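Shown here is one chain on its own, the form predicted alone, set out as structure tokens.
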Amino acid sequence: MKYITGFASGFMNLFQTGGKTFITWMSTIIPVVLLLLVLMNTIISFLGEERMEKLAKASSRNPITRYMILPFLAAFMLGNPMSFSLGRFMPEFYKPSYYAALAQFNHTSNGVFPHINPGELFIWLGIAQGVQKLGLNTMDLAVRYLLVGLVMNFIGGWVTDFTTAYVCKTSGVILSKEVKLSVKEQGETDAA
């Protein structure tokens, strides 16, 4: 009977801890993500879809801006998961690669910029605690992790380009490498 009550108590404790975590998120992470969503949509509305499309078109021209600069800016300014929403302005062909580079960057930058991925901060803090016990500086590790991650994320994004090209070729799917114009401009183009 002792084991059954211990199991039941532990089981209920799991849900109580989950409830406390949820309440913490309601007062910390969720409002931040919501406000970032509002900010990003406000900026896009203010600048206009056309300018965002031009930025995406310019960014998609070479792999360095596509898989190093744009993911860094998106992650730094919007954090995870909002940074993925900038991918909607990328051409269809580059969306998988952008996602691959950005998904990795959201993890490898957590030591220097903890606001990017607060949901996984516990992983970084666990590693940092071990480094601190060794008497080493955690910022040195964080910067190295960020720099190595930036290079590896770029490589991952670029390799995904080749993978996407191979899958398209073998399946006969054609993905555009051009940014789709806004509905207004498409109508004008079709009429011409």
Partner chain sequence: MAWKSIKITKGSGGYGGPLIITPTEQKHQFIYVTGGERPSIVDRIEKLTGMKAVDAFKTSIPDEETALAIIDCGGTLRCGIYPKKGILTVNVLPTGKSGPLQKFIHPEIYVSAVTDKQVALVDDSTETIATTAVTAPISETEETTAPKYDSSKKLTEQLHHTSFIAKIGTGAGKVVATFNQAAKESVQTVINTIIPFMAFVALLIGIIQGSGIGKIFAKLMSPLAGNVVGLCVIGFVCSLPFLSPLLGPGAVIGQVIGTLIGLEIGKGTIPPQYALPALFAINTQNGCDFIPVGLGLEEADSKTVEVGVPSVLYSRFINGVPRVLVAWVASFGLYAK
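For clarity, every value in this text was computed on a predicted model and none was experimentally measured. Between two forms, the rigid core is defined as the largest C-alpha subset superposing within 1.5 Å. Residue numbers count along the first chain shown, from 1.
Here the subject shifts to the form predicted together with its partner chain, a form of this protein not shown in this document.
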- [ ] Tell me, yes or no, whether F84 is in contact with its partner chain in the model of the complex, where a contact means a heavy atom of each within 4.5 Å.
- [x] yes
Open item on the list: Contact with its partner chain in the model of the complex for Y99, defined as at least one heavy atom pair within 4.5 Å: yes or no?
Closed with: yes
- [ ] Answer for L136 alone: is it within 4.5 Å of its partner chain in the model of the complex, judged on heavy atom distances?
- [x] yes
Open item on the list: Residue-level contact is defined here as any heavy atom of the residue lying within 4.5 Å of its partner chain in the model of the complex; does S60 satisfy this criterion?
Closed with: no
Task: Residues of stretch 123 to 140 in contact with its partner chain in the model of the complex (4.5 Å, non-hydrogen atom) - done: I123, W124, L125, G126, I127, Q129, G130, V131, K133, L134, L136, N137, T138, D140
Open item on the list: On a rigid core superposition, would R144 pass a 2 Å threshold for CA movement between the shown form and the other one?
Closed with: no
Open item on the list: I want to check L14: does it shift between the shown form and the other one by 2 Å or more at the Cα, with the core superposed?
Closed with: yes
Open item on the list: When the rigid core is used for the superposition, does I43 move between the shown form and the other one (threshold: C-alpha shift of 2 Å or more)?
Closed with: yes
Open item on the list: Please check whether, in the model of the complex, the CA atoms of I43 and S85 lie closer or farther apart than here, given a change of 3 Å or more.
Closed with: farther
Task: Direction of C-alpha distance change in the model of the complex, K95 to I44 (at least 3 Å) - done: farther
